[in-house]
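Taken one at a time, structure 1 and structure 2 that follow are two forms of one protein chain, written as structure tokens.
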Structure 1
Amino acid sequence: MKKTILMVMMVYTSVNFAQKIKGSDTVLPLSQKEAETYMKSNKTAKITVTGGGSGVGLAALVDNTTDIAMSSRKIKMDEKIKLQDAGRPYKETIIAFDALSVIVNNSNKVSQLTREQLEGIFTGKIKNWKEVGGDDMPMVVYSRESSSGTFEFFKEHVMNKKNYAASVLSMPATGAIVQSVSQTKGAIGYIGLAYTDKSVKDLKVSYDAGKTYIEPTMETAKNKTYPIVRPLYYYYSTAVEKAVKPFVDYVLSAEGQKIVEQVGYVPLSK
């Protein structure tokens, strides 16, 4: 039964020269919204968007089962090699940015940290808030589960590729981190900028050893002064460039970038 449905769908989609977009769950809501509005203005276009994770999307690009792979991280060396082996040159386009903000409990005195301090906190070297200028209370460190792309990004760009301490509490969802940080005095965690609210406090972050501290806002993320920002990518093979280009151009257009901001990500600066 499933097979027949699948086959019917495949026949259907290939008849309409539909585009398939697959990959990162972070980019998924954005792509869905973009595809929806794009299809409204272009009645002939058919775009299907599915999630699964950045790795899944790029693997599908290698197998040629998707036209565009969405990714919340840069393509990895071994994925490049696989695409190379499959004889499929590709193009990379940054479609938006996602800022991560470091949050603490509202009652916490500390309002800023350097990257080195963050690394110390998440690798378990710094264990008490008094070491970074706060009250004498133990730190409670929250992270996302290791299956999330946010986990990898934070490890690579904030923690200098070192491993998380074993004592770090890992939460299954962003909402759970916000909830826990809001009710735990010594808590610290990280979430996407779109998810912060008044129940938690955003920290200013310094990437130049304490000279300047930048607050995470849509403005600082847009003008690139806020450091913990990751690009979100589309990858597509040059063979189908003609077919996918109109949609990619739409996403990059002013209209498309307005949707980026609506969904809660940071639009590309002009």
Structure 2
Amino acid sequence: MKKTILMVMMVYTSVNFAQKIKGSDTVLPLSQKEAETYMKSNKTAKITVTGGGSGVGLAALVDNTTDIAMSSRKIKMDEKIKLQDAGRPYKETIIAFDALSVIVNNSNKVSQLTREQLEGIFTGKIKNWKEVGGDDMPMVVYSRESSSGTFEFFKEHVMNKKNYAASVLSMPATGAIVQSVSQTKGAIGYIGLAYTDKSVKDLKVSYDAGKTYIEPTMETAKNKTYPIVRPLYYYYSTAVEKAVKPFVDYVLSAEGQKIVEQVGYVPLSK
């Protein structure tokens, strides 16, 4: 009798495996839409998606409190070691690409900046908009908090690995940066392209010392002319690979990649 009950329970959990996806706020809206669409055609699937930042997601993977960690940066060495020490071999999958957009308040007359100017602004060397061709107005600089993969990526690829100034205001989520920049005249921040809307202004960026300035759009991200583009990742333990792979495969499928673009991210090139 006991064996029969055990077999029934095993069948039930494999069919109705409730997946948890956690991590990057950048990847959050994409994963939510993918999960929503996937569950419509897979009635037994149960997927919950929560944010918190790439570091939070990867820590949850180490603690075995999530099945998939969403990340907008590559896994760090110390995180790899923690997973290894926990006896949790993992898989890494790139699910899409994202353009990082630098945003300012709509009233700001500055429409373009070089990478060097951005470095100066976020390290605190440039403090007034008049220094970059704008009005005589103090800069209010917003960033994601340190647990964010976007924070790490921006520091490495835009700030040339320099440290953020102590005056930079850390925000807990991307949406909070959009809201703050939209309400503050001298504000500047950075967000994933999918989060941009008419309440803020996207800046053109130059990575060749001001020779060419490229606007962040789906087209420029796809053709790689926009310089701030990064991969977005799923990390999951091999112990749950069989259970999570159907969903991961769906995200990578033609249908899943169509959703990638619909939500505002850059699909994988086929």
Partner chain sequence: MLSSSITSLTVLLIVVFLFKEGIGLFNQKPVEPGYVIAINKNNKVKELSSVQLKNIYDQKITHWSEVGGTHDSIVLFQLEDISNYYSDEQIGDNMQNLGTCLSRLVDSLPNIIAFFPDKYLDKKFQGTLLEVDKVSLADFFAGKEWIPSAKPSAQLGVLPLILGTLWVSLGAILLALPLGLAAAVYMSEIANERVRRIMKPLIELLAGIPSVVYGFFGLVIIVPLIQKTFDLPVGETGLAGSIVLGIMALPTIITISEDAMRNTPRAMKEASLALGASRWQTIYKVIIPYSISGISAGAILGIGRAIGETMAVLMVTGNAAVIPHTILAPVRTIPATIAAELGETSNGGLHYKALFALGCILFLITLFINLTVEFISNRQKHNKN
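As the structure is a prediction and not an experimental result, all values here were calculated from the model. Here, a residue number simply tells you its place in the sequence of structure 1, counted from 1.
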**Message:** Between the pair I just shared, point out the form predicted in complex with its partner chain.
**Reply:** 1
**Request:** Choose the entry from 31, 68, 190, 98 that sits at the hinge of the motion between structures 1 and 2, where one rigid part turns relative to another.
**Result:** 98
**Degrees turned by the smaller rigid body between structures 1 and 2, as judged from C-alpha superposition** = 26
